[in-house]
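Each of the two blocks below gives one form of the same protein chain as structure tokens; they are labelled structure 1 and structure 2.
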Structure 1
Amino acid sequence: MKGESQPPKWATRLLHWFCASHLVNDLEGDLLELFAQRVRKHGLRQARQRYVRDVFSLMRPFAFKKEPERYPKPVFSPPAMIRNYLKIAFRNLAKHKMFSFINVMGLSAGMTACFLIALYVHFELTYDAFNKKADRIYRVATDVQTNSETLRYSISPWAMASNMQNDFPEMEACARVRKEEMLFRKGDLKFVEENAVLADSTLFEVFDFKLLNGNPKTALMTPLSIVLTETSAQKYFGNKDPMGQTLLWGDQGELVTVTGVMQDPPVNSQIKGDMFVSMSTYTAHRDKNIEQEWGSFGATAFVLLKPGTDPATMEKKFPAFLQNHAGKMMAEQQMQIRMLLEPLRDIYLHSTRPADESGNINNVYVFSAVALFIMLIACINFVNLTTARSVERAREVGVRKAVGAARSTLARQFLAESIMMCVIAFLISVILSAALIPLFNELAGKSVSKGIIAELPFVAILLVAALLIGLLAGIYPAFVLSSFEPVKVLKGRFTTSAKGVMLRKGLVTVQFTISITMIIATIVVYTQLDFMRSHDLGFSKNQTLVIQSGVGRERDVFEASIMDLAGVRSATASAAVPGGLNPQAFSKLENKRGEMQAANLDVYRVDFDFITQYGLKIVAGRSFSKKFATDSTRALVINEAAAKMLGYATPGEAVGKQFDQWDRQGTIIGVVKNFHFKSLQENIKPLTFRLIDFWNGKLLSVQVDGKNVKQTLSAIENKWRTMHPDQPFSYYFLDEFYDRQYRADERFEALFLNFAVLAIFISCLGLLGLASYSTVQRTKEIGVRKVMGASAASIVTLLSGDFLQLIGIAFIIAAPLAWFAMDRWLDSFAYKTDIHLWTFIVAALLSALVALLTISFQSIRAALINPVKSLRSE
């Protein structure tokens, strides 16, 4: 070939540079043949271009040179070894399907439970954590001490906030909030908002609520201004801009102007509200003198301290501050006020003062322990089943060791299997968690999580935990299995050691100790809640409808209009009902020594029929009566606790004694038997009854016939809509309203029950695996026994007896532990049930029954098998 007809030399050199030596000659020859043909057919220029393109097209992996290897590649290079580990692990999983299923399902269930509980615990522990300045925010709580009692308030005097701002330069800002039920109207829309909040203009300075529209410094500055959340703005104004729009507020229909729109508060915030009305609407518009009152408590105050301020040092200044501003008032009213600062992050879980929303740190501890126990049970299953299978894998270990496998290699093999199983369990757990989060939110009664996508950090932690569990749970089986002596196992003289058997029995005992403890705890929680639901409260709450009916003549006219309805038995008005909030009044009552004893007493403002309709028993004196004109202004009824507080030995001694309360002076006319106007978690406190004024008593309790409740309710609603077309018909049933105090306990019961069932399920999975394994190992023994005349029943008893003994030992350990823990839990209730003996008997029988059902299938199947087959199999 002439020089000018040759392909580009640089392309040929490139081919020799990258192409493998055993291919380069053949490929170059082919390219040259093609080049020659193309020269003849297409010309030199095009042939050279195609030659270059063909060279570049050969730059593929198959043609590249490879680094010569100086030494032969070992049979087990790390990647190959890992592939080998995984391959054998998969084969073992597939070969032993039942054991694999039990292990993976147990781990998956345990991981899922831990994941969900971790979300719950994290949710509870991060209340108010969204506030970046949370470490400098404190709630100003107060203790009010009189000669009769010490009241622990989470609210503070109205006059406190403004005076603190003047006297404490270390305070950066102070914001007060007060949650109220308010009526709002816009056109045909009318809602009674239960989550309306009165708030100071400094709300957005103290807390990190995000204001989307409006000026955070002035949005709540002026009276009759309101900030809506995104949800409430959408509710009232749809897609229109709400800024500058107005709503009708309250019964008087005053105009409030929208001055801001904020992002919905986080779910785990103590301050939850849909509508935030400026505090000045109350302090400068409705009650202009309230800011001067030290004896009136109404709002919760939060202070933001300047960086570096020591709250303890600030608290030491409070006594002088109070003496300076409220000393005269405290002396006159024979009371002492003590102020203290509670860190914002501690309020939800650690404060025992009244709050709209509070948690329980003990519940957090309990569920954390439950999560650990469930995970422990799942890990015990894994270790138990793996070591139990040691005999089956003994020959494999012997062969591997005989051909040169080191102990460390075998240990890695078994660890790889363990970790792989945990990874599979992790994947299943993530799928289960994603599916169960909505149900878990419903069960917990709060939006603990928005979904698995929002919890990716927890998923990553779960993956790390899965790998760690796989490593830790696999260490013992790995070293047990890899320690077998090849000579013994290949000669068939290998048997499981006594230590191994004892270990498995010990682990099964631990599993069922935890499960039985949880069974007993669940029964105690259920009996306590049943006790609270069925306990005689001392008043009648059934078939009672409570309607927000307004006050004064408006209420009286409505009451009179429904009394003729067929299903209405009676009606009575009051300012509070059992289970709800009621005010406390500074009062002076004549005690046994004839002195006017000061106390802050709970007050029920009621009409003449309240005591009768609610079934309260008069134990001394009389109830209110229209026959006595002075009852409206000069009569007071107290409960037995109040009489006891005053030092009277019998209720009758209190009748006729003097009282002074909220501008009324007169005599005590009667004493009612104690009744539970609060939940059974609280002791019955001293309570006073006085007749309502014309401006209060907006709750109308209507006792209806239980036969036609729907029709009666519909008839009452029609009456309401006819008389008040511009106001919503708002009502609730008293029994449901009262029982909602126990919702947190009911949710605790439901969560505990579900996790207890899960713990038992996982324990039974392990027991099932061990029973199955034990049956297989004793096949020959069973065959011999049957040939010798043993009955099926005796075989079942033999196989079940060992496990039932373990359950019995577990019960002996669990019973005192459970009693101790649940006795402490019950101490948090003022009224509690006893821990009965039957609780332990039921737990013992239930655990034995569940265990027996779990292992009976394997035992019966082994007992019924033909002994010829059993012996042939050996």
Structure 2
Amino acid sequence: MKGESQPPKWATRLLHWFCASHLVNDLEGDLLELFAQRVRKHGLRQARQRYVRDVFSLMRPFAFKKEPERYPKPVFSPPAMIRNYLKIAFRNLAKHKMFSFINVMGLSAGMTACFLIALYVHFELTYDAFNKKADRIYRVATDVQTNSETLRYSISPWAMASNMQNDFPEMEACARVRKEEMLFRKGDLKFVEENAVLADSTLFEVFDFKLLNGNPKTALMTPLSIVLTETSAQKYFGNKDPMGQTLLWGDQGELVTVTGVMQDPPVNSQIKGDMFVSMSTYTAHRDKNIEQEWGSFGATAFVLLKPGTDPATMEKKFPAFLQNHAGKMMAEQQMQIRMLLEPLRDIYLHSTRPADESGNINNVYVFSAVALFIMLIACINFVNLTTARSVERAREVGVRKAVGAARSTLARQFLAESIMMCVIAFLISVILSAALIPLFNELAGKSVSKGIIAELPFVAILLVAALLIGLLAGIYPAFVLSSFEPVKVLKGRFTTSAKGVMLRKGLVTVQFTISITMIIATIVVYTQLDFMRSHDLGFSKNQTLVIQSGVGRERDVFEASIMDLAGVRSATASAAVPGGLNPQAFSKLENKRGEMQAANLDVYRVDFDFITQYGLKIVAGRSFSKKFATDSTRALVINEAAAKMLGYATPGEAVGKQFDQWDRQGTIIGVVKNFHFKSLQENIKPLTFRLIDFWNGKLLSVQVDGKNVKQTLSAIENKWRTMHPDQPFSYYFLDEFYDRQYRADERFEALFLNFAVLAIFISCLGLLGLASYSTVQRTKEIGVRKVMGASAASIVTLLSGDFLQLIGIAFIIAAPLAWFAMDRWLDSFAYKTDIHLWTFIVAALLSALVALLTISFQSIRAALINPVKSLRSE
């Protein structure tokens, strides 16, 4: 056949590629025959075209089919080979128990950490996501600007909701909620419910709370109606049907009727409550004019916008709306209100406004990073240990190659092994996670997960991740192992390449960099918390009991009755205590220029001896005194921060100046030294003290003797029970109450500490593996050295030195990284410690010590071994 009249070669090659071997001969024959005929008949061009077309037309299932087997399967058919791989893999696992254990342990520890953190992150990110209309729900937050400062509220004026309903057609519904402590009674049962919520009747329209019983449209419509959660229904009514039943509500004991029972709100809902009382109870029953008030803030308003409404356009209408309704009031009170919409899903993680519960997007980032790093450390272990062991498997590779294994087959074998390892680790980690979830919930301080059964999608994701990790971590070892040249390997002239050693050292350095960073971070978090706990707060919080004692004469009588109890030193009433909530009042104070400066100031309403009992220092003027009859209506004590705000250079200048606050006018009589009435995360704000009115001041702070606190407490309780048989005795210790503000930070510390320990643990597992490997490699060298007279100590130094060097490098990288990160973290605190030098020294010593201990186990054993044995080991 002539060269030019040949069919396209590539088409023929294509045919050979896809076609089953038992068919290809015959088919190619047909193709060639037709081609030859067509060249004669239609010419070369057309014949070649038809040839190509025919080849493509042959790409059908029948042509791919393998010839049916005529003989039993040969020995090297794939299933048998896979069985062999598995067998070898298991033998390897069993033979090197230590390595396998380290590998699987490290991986499963890493996976478990990742899994738990993923649950946590998911929990945080899906806050409020159970609401199907969440993307249309916004919180109306307000900024209140006075001459002195801007207050950023999450609550809004009472009059806003009803006016918005009229003025904004793009609004579908608006629901206000207000959390309050309320007293409930039913027969002998009496509870001060901390999680009671006043809510508009539209609550069930805006949010997806499931009402099990009752009409969602009307349940919270009329005053004095209440919707219970399943839990609280159980608490008050047991298994009886609560619908239509009544409870006694509040101190006056008004009757509220149960109009609905709802499912407990999801854990990650912003609006949490055990009892939902209709908002009209407050707005139409208790305080009838409040709905017209623009200057009074109280409830958090959530609006549901109609689909397709742009919140930004709506926000543009707010200034005119406010000017229209509240313009006069704002001008009178010298303040400006600004309204803004916050998307519901963003509030929990991103909003910095006051909230019952708030997450921190930074924590989410930090923990995600920690999870990734821990996984990285575990993967590095895996790669390191597997490649380090490659020498031992070099013979196996050599033999397999000599017998005829292709490189790709070997790579596949090692990949399969690493995937198998990951799957084993996965199984262990699922069991571990299942066991650890309750503990983790406790550590995180919230019910992140109900248990492993509820997290099956996550388990599935983890499995996929495990397979992926197996693949990724296995690629490098598989690549290295399958590249050995059989001749060299079998001759025994094999050494690990310098490149491999460098890589392993690099990876160990990375591991320890991460670990050391985490150690430093943990120490800094700890010192900051310790700093906050031991910082001089400017008041004494020890041995102080705070009792909810009611107001007016009732409280005075009770106070008098406990004063003569042994162990009670002093008692004083107030409306707020440090670490708790206190109201803010619109106030006008005379400033340095003689003007009446307007500001919203924190208010403490206190009894005469509050300032003395709390150990607050008067720096100018005097404290409240019963000697001055006018003190109860015309006196104000401010703190240094307030004096500074008014422009006075020394506190003394403020004494005797005018004030106008909440229906009281008079003079500033004294200035107290700044004290931390809020957590140390905040700067000390201007604060005013005034004497209590007869209707407030329901907190009684009782200073007790350090000895026999328990006896004193039960004596006080007895007094209470005899005087108020119908009310629960509720109290707390001030120091615990104050430190409660740091609970979130303490949790952060605890979580961080745990994961830092885990990171170090996994890193050390890796180090242990590498150290034992390298000592085994150097057995002979050590033997020779000993014979030549080296001491055991010098050998230990020799073996440990390499690794300590790596840890040194890791420290040099980690220190600035950790410093930078933690400096930023500390910036979120108004009062903070410095990052001390000793932090770094401790971290360096600690990591070096842990690493040394890990290595020394191996190196000391190697150093003590009898050289005769090691030299004979050939």
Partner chain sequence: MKGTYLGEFEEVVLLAVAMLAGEAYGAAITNEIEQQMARSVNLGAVHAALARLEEKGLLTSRLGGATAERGGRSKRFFSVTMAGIKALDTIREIRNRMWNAIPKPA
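So that the term is clear: the rigid core is the largest set of C-alpha atoms that superpose within 1.5 Å between two forms. Residue numbering: sequential along structure 1, first residue numbered 1. Note that the structure is predicted; figures quoted are calculated from it, not measured.
- Structures 1 and 2, same chain in two forms; the form predicted alone is found in structure 1.
- Q858 is not among the residues whose C-alpha shifts by 2 Å or more between structures 1 and 2 once the rigid core is aligned; its shift stays under 2 Å.
- With a cut-off of 2 Å and the rigid core superposed, L58 has a Cα displacement that reaches or exceeds the cut-off between structures 1 and 2.
- A844: CA moves less than 2 Å between structures 1 and 2 after rigid-core fitting.
- Lined up on the core, R13 has its CA atom moved by 48.1 Å between structures 1 and 2.
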